[in-house]
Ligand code: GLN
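First comes one chain, alone, set out as structure tokens in the form predicted on its own.
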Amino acid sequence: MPTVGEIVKKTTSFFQEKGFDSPRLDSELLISRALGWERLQVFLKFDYPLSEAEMEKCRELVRRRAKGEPVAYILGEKGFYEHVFEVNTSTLIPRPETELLVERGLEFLNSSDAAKPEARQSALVVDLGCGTGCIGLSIAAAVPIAKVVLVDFSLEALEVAKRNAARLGVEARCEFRHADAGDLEALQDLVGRVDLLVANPPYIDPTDERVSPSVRQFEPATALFAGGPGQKGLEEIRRWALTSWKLAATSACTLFEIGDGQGDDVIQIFRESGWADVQLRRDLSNRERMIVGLLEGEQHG
């Protein structure tokens, strides 16, 4: 019978031929899941001979990956920031670059009066279009006085976010709201109260050829694409930017993930929405990745 090491090597070569970005990692994750092992056990049991039943379990997961299905959906989970989040096809797969929003959000809360117990008892955070909840829930886990409202128009995504909140043990400080991020009436009770708003809105033009076939096939289109062809993917950002300004407290921060090349347009959108202090941040690959809007004691309506 073939050993674990032989199957890992063969699967890695097969994934390399398919052109996958991380063939070795994919093969180790899938084979360990098929066998019910932790990934470390793959390294410790390279000489372990597989039974035919175990081989078939491995084949099934490899077949799914070979069809382009993302590993995160096959496993039903994805690591993000300091935690592991449940994912399914009703949610986007959390990506490392999105961790920038968590890092900047924590920087704001930890340096502002919003997070100081002597100044107030809580900090109100809103995660618009929350999906898995990975951004807002990571912040909730790191800031004990944070109360987080997670908003999504997908009931299926909200159910995933609820389960992730339970995973992290922060559900008592979270509210889950079924609403469109651009529907101010549904969020009226939050107007002028939010200390930190985070969002990963749909921002991809439907005709963008840089989107991989796997992403188009498996991830939810409504969470990826915005507007019609040629509209630069800015339509939802425009609506959500106005929401963020309306909800903001007099000293507040809003953080939006954006696509590379959208920086100048989104800065203008934010300024037109009322944000006076707008900054562009790049990721570790030097791609435009995040817009930061700040209010410091300003009155707005």
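These numbers come from a predicted model, not from an experiment. Just count from 1 along the sequence shown to find any residue number.
Just so it is clear, the following notes concern the form predicted together with glutamine (GLN), a form of the same protein that is not shown.
- Of the candidate stretches 177-185, 128-136, 102-110, 209-217, only 128-136 has residues whose heavy atoms lie within 4.5 Å of glutamine (GLN) in the predicted complex.
- This chain appears without its partner; in the predicted complex, the one residue of Ala223, Val71, Leu190, Val84 with a heavy atom within 4.5 Å of glutamine (GLN) is Ala223.
- The partner is absent here, but in the predicted complex a heavy atom of Leu92, alone among Ala140, Ala123, Leu92, Leu158, sits within 4.5 Å of glutamine (GLN).
- A residue is said to contact a partner when one of its heavy atoms sits within 4.5 Å of a partner heavy atom; Gly227 fails this definition for glutamine (GLN) in the predicted complex, lying far away.
- Residues Asn200, Pro201, Pro202 are the members of 188-202 with a non-hydrogen atom no more than 4.5 angstroms from glutamine (GLN) in the predicted complex.
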